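What follows is one chain in structure tokens, specifically the form predicted alone.
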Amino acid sequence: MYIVVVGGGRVGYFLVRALFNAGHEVFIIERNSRRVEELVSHFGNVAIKGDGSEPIIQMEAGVARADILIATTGADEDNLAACQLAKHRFNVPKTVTLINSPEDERLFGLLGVDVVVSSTQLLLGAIEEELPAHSPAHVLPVQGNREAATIGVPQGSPVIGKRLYDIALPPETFIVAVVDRDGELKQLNEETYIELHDEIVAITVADQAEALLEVLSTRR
């Protein structure tokens, strides 16, 4: 498989090394002259200096016969331009890009980039694996100093198996709905029991949302 990588920085370097080790044919486009020299010294004559979003540079890199173009520069706009040029000018079957701003992910998808990898989301995912598990929570401001909070009940929550009546809620907090894992509303009364993966909808004051999350989702 012939793969063109735009951006020969640290990410690009280790990506290229892994692709070579996997038996692929790889070519690198890099703007920095010194970096190009380093890449050539490591991998041979498989790198050129230039802007990966320029047609003449992609032509020199043989993008027209590439199976994949991967953009790994530090500028999202440059990565997008390189991918669009490869896709629409040279008919590359698949384009892949690294993005730095998560807000760009949806836009890149709409503009035809096949695979968008968010460095921020990758980092957050790695961090979250090391943190205590909390349930998904969504908070929406409402009138006054109030917030509507929707919180899923995760494995290990201390409220599993408890009646609503027995749950010690933060001050000025009221549960207004409980939806079970099948999407059915539970009838609210003193005998309503909370089960794993129930979704609880509550109204609380703005400074109590975090306390409510602790009550409903902190593991035993």
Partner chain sequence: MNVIVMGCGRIGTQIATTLWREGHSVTVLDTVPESFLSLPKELRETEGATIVCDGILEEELIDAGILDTDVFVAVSNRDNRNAMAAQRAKHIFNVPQVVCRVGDLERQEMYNKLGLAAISPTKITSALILEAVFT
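Residue numbers count along the first chain shown, from 1. Here the structure is a predicted model, which is why all the values come from computation and not from measurement.
Omitted here: the form predicted in complex with its partner chain. The next part is about that form.
Asker: Where, among 51 to 59, 170 to 178, 191 to 199, 33 to 41, do residues come within 4.5 Å of its partner chain in the predicted bound form by heavy atom distance?
Answerer: The contacting stretch here is 51 to 59.
Asker: Tell me, yes or no, whether Glu147 is in contact with its partner chain in the predicted bound form, where a contact means a heavy atom of each within 4.5 Å.
Answerer: No - in the predicted bound form, heavy atoms of Glu147 and its partner chain never come within 4.5 Å of each other.
Asker: Would Val96 count as a contact of its partner chain in the predicted bound form, using a 4.5 angstroms cut-off between non-hydrogen atoms?
Answerer: Val96 lies outside the contact set for its partner chain.
Asker: With the partner left out of view, is His138 within 4.5 angstroms of its partner chain in the predicted bound form by any non-hydrogen atom?
Answerer: Judged by the heavy-atom cut-off of 4.5 Å, His138 is well away from its partner chain in the predicted bound form.
Asker: Just checking whether Gln84 would be counted as a contact of its partner chain in the predicted bound form - the rule being heavy atoms within 4.5 angstroms.
Answerer: It does: once its partner chain is placed as it appears in the predicted bound form, Gln84 has a heavy atom within 4.5 Å of it.
Asker: If you apply a 4.5 angstroms heavy atom cut-off, which residues in 84 to 102 are near its partner chain in the predicted bound form?
Answerer: Contacts from 84 to 102: Gln84, Leu85, His88, Arg89, Ser101.
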